[in-house]
Structures are given as structure tokens and as C-alpha cells.
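Okay, so here's just one chain, in C-alpha cells, the form predicted on its own.
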Amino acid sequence: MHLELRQLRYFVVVAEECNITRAAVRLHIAQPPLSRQIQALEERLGVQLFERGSRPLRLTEAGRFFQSHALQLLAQAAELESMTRRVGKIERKLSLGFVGSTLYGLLPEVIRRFRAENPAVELTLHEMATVEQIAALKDGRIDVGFGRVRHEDPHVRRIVLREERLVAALPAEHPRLASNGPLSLKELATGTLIVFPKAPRPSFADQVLAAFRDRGLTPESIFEAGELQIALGLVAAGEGAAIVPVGLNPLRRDDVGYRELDDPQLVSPIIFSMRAQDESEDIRALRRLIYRLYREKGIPHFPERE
């Protein structure tokens, strides 16, 4: 008897749920055959993966070791399937995940230009947070992610395309908008700071809060908004200030004003993520297009690298 991917998937779900009944529901199978599969797996390995009689189920030391490697094997299997399909030209599909704030920069033009230059490729878009993109890349739901959070994973390759300057968003009647000179984070810390998104975390909100912590500052009050547009609406209503990427021109509104910040290190990266070994021509074409647009528009960016 050899280890099967099906058994690995069953084990991982049981380990995540810590409950056979919930795992069976999630896997759409009956509880008895799931229990038999876990028992067969333990017999094959010659070790106990779960502590006997524990409620909820708890992994043994061997179980925790097996879980970490089972997750890697399942990720590699999904990656192999996706890459083989692409190499074999069974289908030419490219799925992009993106965080909402990148949609207000160059991304729409990238998408339009890519579709025009690559009509044979079916391009689909999915809005999702950076941490969600990592999981989606590993299980094959997306092929490329555009995010802002630096997240290390051995199965995901990250390329920082550029860093976008951050600015302060203030209510239109805010007295600081009438004065000259940039704002400091120290000034912004004295009122309510509106951050976004509220979940999932880590996110752009954590980047902003880390910028304050790195400078020994703690905002007087923090309000977590669900998304960028809600945050700007709260700013317009006079509920506080927010820090946002400078490239939000499509969202400019009369009741919100923007001021530069006094620290050039206050930036947010735009990160291109892909599966570590995925070198498909469609993904390379997308990267080349992005760098070409940066050069055409004179947008500062990091040098192209393969």
C-alpha cells in the first residue's frame, strides 16, 4: 500500500477541523469511511497521527510533522497539475487575483492591453486580499496575484514591481489642508486613524500601523473600515484621517483632500506573485507588458528580472 493524495487531503482536513464529523461534512463523504481512511493511513505509517480519545482531536508530534509535509505535497501536486495543463496547451487561461487598491492604478490598462495582445488567452479576475492570493495560487485557483503585503512562502515567487508613495487623506474642511508643507505621522497620530481593510489580516492596514510603530507612535484612536471606499467615505464624513496610496486618482472626491507625508520611506509595494516554478509564456508576457507600460509612462519601478 502506498500513500495516496486522497488520504493526504483527508488527513489535512481532519487536522484542520479537529473533528471527524465536521471534516466528513466538508469532504462530502460519510464519517465511517473517513475514519477508516485515517486508520489505514496510520497503519501504513506505523505511527499514531492523532492522540487517542482527545476531544477535540489533537495531533501527536508525528502528526504535526506529517501535516506540514502533507501540505507541501498537496501544494506541489496542484502546482504540477496547473503547470502541466499549461505546457500541454490544453487550455490557455490566466486567472488574476488583485487587491482592490491596485485596480485604481495601472492594472485596468494592463488588463485591456493584455487582452488585446493575447486574444487566445481567457483572462479572469478575482478580487482578494494578499493572504487569500497565496492560498489561491497554491491550490491553482489563480495564476498571478497583485498585492501589497510581503508574505513569505516557499511555493510562491514574489516580484516587487514598484513602490507607491503614501499620502494622507483628510476631510475637505480639515485646517491642515489650508497650510503648506507635508504632514507627519506624529500629527496624524493625535486624531482618529481610519485603516482598511478590516479583514483578512495581515493587510494594508497592518502596513500603515507598522509605520506608526516603527516611529514610536501610537494613534490616539483607530477605526477599522471594511474597504478603501468605505474608509474614504468615513474621512469625508469627518470621522478621521486615512493613509492611502497616491495613485487613487479615479477615487478623488470633492469632500476629501490629500496631503503629502514628510517621510519618503512611507511607501506601499505593488507585488506580483506567482507559483514558484510556473514559467509559462503567458505569465512572462504579462510581466513584460507591465514593465513596458511603466517605461512608456515614465513610472519609477524596479528593474525587470526573470
Ligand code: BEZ
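As the structure is a computational prediction, the values presented were derived from the model and not from experiment. Numbers for residues come from their place in the sequence shown, where the first is 1.
Below, we refer to the form predicted in complex with benzoic acid, which is not included among the displayed structures.
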query: The single option of Leu217, Val195, Val110, Leu123 touching benzoic acid in the model of the complex, heavy atom within 4.5 Å; finding: Val110
query: Arg158, His174, Lys138, Arg162 - the one with a heavy atom within 4.5 Å of benzoic acid in the model of the complex; finding: Arg162
query: Proximity of Thr102 to benzoic acid in the model of the complex, heavy atoms at 4.5 Å; finding: yes
query: Contact test in the model of the complex: Phe204 vs benzoic acid, heavy atoms, 4.5 Å; finding: no
query: Ile290: touches benzoic acid in the model of the complex, heavy atom cutoff 4.5 angstroms; finding: yes
query: Proximity of Val244 to benzoic acid in the model of the complex, heavy atoms at 4.5 Å; finding: no
query: Stretch in contact in the model of the complex with benzoic acid, which is absent here, among 71-79, 222-230, 205-213, 102-110 (heavy atoms within 4.5 Å); finding: 102-110
query: Site test, Phe11, Ile38 and Phe65 vs benzoic acid in the model of the complex, non-hydrogen atom cutoff 4.5 Å; finding: no
query: Sequence-ordered list of residues in 263-287 near benzoic acid in the model of the complex, where near means a heavy atom within 4.5 Å; finding: Ile270
